[in-house]
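Given as structure tokens, the chain that follows is alone and in the form predicted on its own.
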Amino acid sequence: MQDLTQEKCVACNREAPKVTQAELDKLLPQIPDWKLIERDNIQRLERVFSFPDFITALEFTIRIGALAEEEGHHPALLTEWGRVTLTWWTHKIKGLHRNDLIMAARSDQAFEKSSSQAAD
């Protein structure tokens, strides 16, 4: 199985397929800290990342923003003191696309990088 962090997002249109339950069953183990949620009848991936302070949370938010711009796929971000809530879904299809799982995995990778830099 291909590592999601090695994949690139593809451009979506309104006819792009949502991920199937079988795909989710196969791919969710690669992003175990993410929760499947439903908001406004739209399935989404969400995770809360914890930080020691506001500035570290803000730096992570900026890193995710840059990653989103690079891939042309944008999440909902809520930055608070000591935490960032990150939610991925594909607006055009009102649900989850493989891109969302890719970006969740790449967000985890960015968090790991942030955590290791903070430890240095």
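Don't overthink the numbering: it's just position in the shown sequence, from 1. Just so it is clear, the model here is predicted, and its values are computed rather than measured.
Below, we turn to the form predicted in complex with a further copy of the same chain, even though it does not appear here.
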Would residue 58 show up as a contact with a further copy of the same chain in the predicted complex if we use heavy atoms at 4.5 Å? yes
Verify the contact flag for residue 43: yes if a non-hydrogen atom of it lies within 4.5 Å of a non-hydrogen atom of a further copy of the same chain in the predicted complex, no if not. no
Do residue 69 and a further copy of the same chain share at least one heavy atom pair within 4.5 Å in the predicted complex? yes
Exercise: residue 80 in contact with a further copy of the same chain in the predicted complex, heavy atom 4.5 Å: yes
